[in-house]
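Only one chain is shown below, in structure tokens, and it's the form predicted alone.
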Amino acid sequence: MPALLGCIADDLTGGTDLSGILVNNGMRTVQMIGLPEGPWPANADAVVVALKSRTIPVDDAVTESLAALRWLQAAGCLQYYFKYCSTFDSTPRGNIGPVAEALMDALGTEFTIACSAFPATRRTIYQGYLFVNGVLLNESGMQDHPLTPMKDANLVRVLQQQTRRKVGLVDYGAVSGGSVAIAERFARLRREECELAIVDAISDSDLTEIGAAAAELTLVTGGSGLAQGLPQNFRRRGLLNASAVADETSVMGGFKAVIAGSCSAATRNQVDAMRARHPAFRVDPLALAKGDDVVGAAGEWAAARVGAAPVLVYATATPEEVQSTQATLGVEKSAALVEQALAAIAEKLVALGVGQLIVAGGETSGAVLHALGVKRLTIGREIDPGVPWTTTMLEKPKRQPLALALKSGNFGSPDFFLKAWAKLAPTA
């Protein structure tokens, strides 16, 4: 079978989110961590290259994304997908607009869409405005994000600040008319010299119709929800094996642990629910800055507790606590200290026999996977919309299997950490 869909995700949890959607819709999907090496994986319909490019300097994000694209192009993909967060996390300068522009230039395409809607997680777009949990983006808590605060819910305006290309809107009037009306709106925008278009969507059926309308686009961009509508395009062309089993969750053993670095409202609620039921260790960035051996203390604490029940290690804090820490240490230093510490603690947990690990937060997930040397993930069962279990084989400290759930900070129900284990097959 040919390489069908080549995807570039701007963070690891976003890549896992997208991979899970594709698997749920029948595409055998492999997630690669960082720039891939070697050939396209055997039997894969789609590959998601997960970068850590959401918050790095714009030029670096463009360079890494283009390198990933070249690998995907070498495999001969029929369509390409640039995936970013459903909350359109970015700054006035980027990185969404500049990366999308660079990919368009490299692919020689003059039009693409941008749709971050994911109704299953209550992210919807109407008249170009992004709503999260029923309120405007800039009133949802994302206005307090420590790295990419979102102060404007109008995505046409947000994206236009990031690109030299003209940005248009496929409003809900067109979307409600189905795929034919959406495609007609694409054509009209192109005649008006728009090269990027925000697309409204308030339901999963909208995303299916948008996906059908996008069948002939070389590049699509958006959140993971948009991926629901793409596999059927390949199926219609006889290119996707309808009988293949895409979900490859394996039976996994080992102890259970959660590492939470995200400070989003969703993760704060999940941490509170977990702390009420299971042992928890808090990582304090101010203690790290003072030189305290927080990693060593966490390792000793965990050694006395893993096995009996799931354990939680967290640096999650309220917006006020985050702002206070950033005022003392600076944004970059505080984030780096926490990421490095949580990654080192993850290594200790795995060495203690943890074989089922949940990580909350995109930046934290990137640091943890780098520390563990993970290069590839097989996508398994969905825990909540946008968050599947994955499996990998570690090479250090010894060759051993590991189940990983990489959760975007904004995703998941309050009991996510508590119910996730039930989605893994029981040990033999």
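What we label the rigid core is the largest C-alpha set whose atoms superpose within 1.5 Å from one form to the other. Start at 1 and count along the sequence shown; that's the residue number. Here the structure is a predicted model, which means the values were calculated and not measured.
Keep in mind the form predicted in complex with adenosine-5'-diphosphate (ADP) is missing from the figure; the text below concerns it.
- Among residues of the shown chain, G229 is not one whose heavy atoms approach adenosine-5'-diphosphate (ADP) to within 4.5 Å in the predicted complex.
- Using a 4.5 angstroms limit between non-hydrogen atoms, G409 touches adenosine-5'-diphosphate (ADP) in the predicted complex.
- Although the partner is absent here, D384 sits far enough away that none of its heavy atoms falls within 4.5 Å of adenosine-5'-diphosphate (ADP) in the predicted complex.
- None of the heavy atoms of T121 is located within 4.5 Å of adenosine-5'-diphosphate (ADP) in the predicted complex.
- Stretch 330-338 is the contacting one of 330-338, 295-303, 79-87, 198-206, since its residues have non-hydrogen atoms within 4.5 Å of adenosine-5'-diphosphate (ADP) in the predicted complex.
- Using a 4.5 Å heavy atom cutoff, S264, A315 and T325 all lie near adenosine-5'-diphosphate (ADP) in the predicted complex.
- Screening G97, P146, G141, P285 for any heavy atom within 4.5 Å of adenosine-5'-diphosphate (ADP) in the predicted complex leaves a single hit, P285.
- P285 shows a C-alpha shift of 2 Å or greater between this form and the one not shown [criterion: core-superposed Cα displacement of 2 Å].
- After superposition on the rigid core, the Cα of V48 moves by less than 2 Å between this form and the one not shown.
- Fitting the two forms on the rigid core leaves the C-alpha of E64 displaced by under 2 angstroms between this form and the one not shown.
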